[in-house]
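First comes one chain, alone, set out as structure tokens in the form predicted on its own.
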């Protein structure tokens, strides 16, 4: 994973894990890698890995079972809510970028439709 130097690494890894959860790559109830394994996989400090899991647990995205590890929540509503929040964040960034180009929300929809149609024909 290439890290953005403008954002804390722990936030980027946490967001990547949340993305894997909402897409089903990490299904509800699945075991997450141990802290050391997470640190090795992303080339981060084990303390950073621990912080990531603490934050995900605080957000209700995962649960830690003493002596067993950390698991993705089985709360489908929590996962759905997380996905909706991530969609809203992505849309806000997208619309802000387009606003910087002088594109309104209505114009953005026209462009999206054009792009979708051109991708459908490929």
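Positions refer to the first chain, counted from 1. This is a predicted model, so every value here is computed, not measured.
Omitted from view is the form predicted together with the DNA, to which the following refers.
Residue contact with the DNA in the model of the complex: residue 96 places no heavy atom within 4.5 Å of it. Proximity of residue 22 to the DNA in the model of the complex falls outside the 4.5 Å heavy atom cutoff.
Within this chain, residue 83 is remote from the site of the DNA in the model of the complex, having no heavy atom within 4.5 Å. Using a 4.5 Å cutoff between non-hydrogen atoms, residue 30 does not count as a contact of the DNA in the model of the complex.
With the DNA omitted here, the record of contacts in the model of the complex names 40-48 of 75-83, 22-30, 40-48, 88-96, defined by a heavy atom within 4.5 Å.
Residues of 95-110 that come within 4.5 Å of the DNA in the model of the complex, judged by any heavy atom, do not exist; none qualify.
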